[in-house]
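Included below are structure tokens for two forms of one protein chain, each presented in isolation as structure 1 and structure 2.
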Structure 1
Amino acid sequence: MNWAVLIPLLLFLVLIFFIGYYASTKLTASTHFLHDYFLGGRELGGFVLAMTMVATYGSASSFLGGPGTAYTMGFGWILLAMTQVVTGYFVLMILGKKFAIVTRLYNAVTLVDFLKKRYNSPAVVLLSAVSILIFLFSAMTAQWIGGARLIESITGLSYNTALFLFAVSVLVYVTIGGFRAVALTDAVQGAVMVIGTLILLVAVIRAGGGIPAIVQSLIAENPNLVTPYGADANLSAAYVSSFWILVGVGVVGLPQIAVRAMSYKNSQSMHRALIIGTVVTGVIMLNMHLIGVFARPILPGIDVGDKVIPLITLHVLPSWLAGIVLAAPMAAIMSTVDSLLILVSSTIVKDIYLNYVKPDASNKRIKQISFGVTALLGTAVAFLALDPPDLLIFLNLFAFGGLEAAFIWPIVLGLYWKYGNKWGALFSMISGIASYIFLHFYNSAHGNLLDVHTVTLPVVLSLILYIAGSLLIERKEYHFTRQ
């Protein structure tokens, strides 16, 4: 093992454990366990809110899968990836103050809490919970795979051993610390991401002899690598444009992102997060995808795209600095998987167990169930990650698209349209999920229908059916009241 690389990473993990333990001390003294464990007591300041949104969104897909795909496809994938820059700004502007006010009015702890009280329908609740469990299991599996591959590339350990080490590392601090541990560690991890990507980008450019030399090498290999259309000229304008629905408009419907718009302290915190989050997302996304493309002339022939970042880092940096820089993708992966883990746990405990199994459970019992469910979920996902795909970005994007097709309109129109009702929400969710899964497999076999991203048509269809269902069945105005 290369201990010069491993020691900085181990120190980083120790820091994360310490933060998780600190957060757990707050839980011990808490008299509102559900709010504290699953929502951090709604006390996030602007910087922590921005960084937890960035860190949750910037995942193994952004730090391993995305650069790996850019390595394969060239500058066209960078153009596509940069549509993500305004994601955090867009989410907070759309949901913003109204979502925070309404969820406080409802005393909602989870996104499904909001949907339950807005639509007053057990069917909406159960469909929402099942959707979160199915699609977020896919997303969590992608993060587990990414973490294992990173450790595998650095240490030379077998994939399964690396997976075990990563799973244990994440499970300990998430299980004991809850949402507050997730948010605080996200703040640290977000800062590590920014610094690590800057260092690595500069090192890669130097190793390649400067940007002009790198670009000339790419042109000599394949001129399409420096065009907007990708190495195989298969990135059309329609596909790149529609991709923004997946990573821009549709992100409002991601439960793991939307719940953060419930958790901030005040308006000043939200406004500060808008600016910080947008700048940090732009820096991270541009740096990581440029690194992926620039690595191609320096280390040609990498067969598994997810290994591009660890391999190029070890190639262009001294061992001790590589260990520090590799804490960035490790931070991205950990910060996303901990957020997804706590969200799925809250869905089972709050939205299913407390709503339909034992509504009168004691605070002690809720704590026991919450800790146990979180630990069991992480273990189950680790088993699912034992047989990984070659490029985990597509596993992650599948989960994103499914969640967005299910939730975007019940959230947004439920918040802003007074005629939205449970029938519109049900029609929207069922049509969005069913059409997305069908198109996912159809497009995989036959190419993208209408040359747009898979999520595009389901989002449009679910919008039409939300409006139709709401207007044609039980049309009446809805007014927010304390519940």
Structure 2
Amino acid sequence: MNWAVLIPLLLFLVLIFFIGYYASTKLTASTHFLHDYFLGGRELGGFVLAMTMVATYGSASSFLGGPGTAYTMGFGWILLAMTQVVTGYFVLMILGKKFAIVTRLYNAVTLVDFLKKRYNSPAVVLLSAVSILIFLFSAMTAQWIGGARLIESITGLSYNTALFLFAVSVLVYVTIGGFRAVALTDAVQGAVMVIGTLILLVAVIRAGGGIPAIVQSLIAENPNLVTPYGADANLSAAYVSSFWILVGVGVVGLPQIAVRAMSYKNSQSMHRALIIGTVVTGVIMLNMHLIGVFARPILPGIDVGDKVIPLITLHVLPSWLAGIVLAAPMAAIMSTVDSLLILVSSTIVKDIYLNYVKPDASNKRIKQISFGVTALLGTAVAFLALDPPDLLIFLNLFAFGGLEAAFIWPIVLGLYWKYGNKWGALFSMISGIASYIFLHFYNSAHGNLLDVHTVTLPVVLSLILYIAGSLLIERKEYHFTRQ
């Protein structure tokens, strides 16, 4: 048991818990429970908005998987990771003020609410709610497993104890505090992520004897490591560029991100968040992936990618400081999991229960259901993570790209194109998910079609079908009105 690492982590959990508790005190006085619990009362300021977007987006893959691949691939993978800087401003600029105005006009609490009122179609509602439930539930389980494995590997606790610790801390603050707790803890977790990456980068550069020395050792080992093409020279420009869709502009279509673009207070918050979000995304992605590459000459021969960051941290920092720095990947995982949990819960309560089961539920009943569903979901995920079924792991493969291909056009063109209608939205969602899954199998068997990432063609196909469906069937202009 590594107490020096464990204690800073536990202190971090206690801090997060108190923020969640603070958020819950704001809830008890609430008169608009649904707005407050699932959207934080639309009162996020610029800093919290920026941080919750970055922290929700930045997950285990930005802190463990990505740097681990950079360790193997070299500078080409940092180039790929830097495509994510665009998310810092693009999502908020594109959804922007129009989404903020329209969702208020619609009185929408969830993304599905927006789609429901924009397209006026139960089929669109059910399809979007079900895809959110299936894909994000599995994504949540995968992150949960990542969180527990991380705690296990750095503290020496057993996997089950680590999972229990992780699950209880996330469950409690999300359940009692709702979206506001999620956003506020995201802000703290985001700050921990930034500080952690800065400390670790400096320590790694020092341990390696300066950047020039590190780069020289990389060149001596394999010159390809300093080219944009990867260690085996197999990262093509087309493949790397296609990540502009997967982890760049396509992020507009992720429900957990889009819902944040309806939660901020006013246009000043948005303006501030644009700048902060860009800086923070860039700093985190650049630092973490540089660390991954720089770790290579310092600690050669690590063969499990996810272990690179924990091992290099424990190697270059004293253990108490390592505990603080390793709170960063844990913060990244927690801030993703908490957002998914509250989103999936809102989908069940608002989009399914209140739409189709009991539209006239009383405020008190809604409260009980909301707390109950959130707690139950979290517990279910924790139990599944004890021994994850293959199906969940399988579904998680499609969670990111599949949801992007499904939602990007119904959201963006629904906002900006007056001819967009339910047929376009339905065709777009079905074709996006179906072609993503199909292409996933094709690409794993035959190599990437056209040498681009799987997400690319489904996004194009779902665009074509959105436009075709909207123009060919029941073509009509749509104008936003109060509902």
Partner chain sequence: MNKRFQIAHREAWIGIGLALFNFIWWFGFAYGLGGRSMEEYSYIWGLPDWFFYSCIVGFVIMTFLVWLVVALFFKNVSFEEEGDSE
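C-alpha atoms forming the largest set that superposes within 1.5 Å between two forms make up the rigid core. Source: prediction; values computed, not measured. Residue positions are counted from 1 along structure 1's sequence.
With both forms of the chain shown on their own, indicate which is the form predicted on its own. Structure 1, which is the form predicted on its own, differs in this respect from structure 2.
On a core-based superposition, does Tyr239 travel 2 Å or more at its Cα between the two structures? The answer is no; the displacement is under 2 Å.
With both forms fit on the core, is the shift of the CA atom of Leu157 between the two structures 2 Å or larger? It does, since the Leu157 C-alpha is displaced 2 Å or more between the two structures after the core fit.
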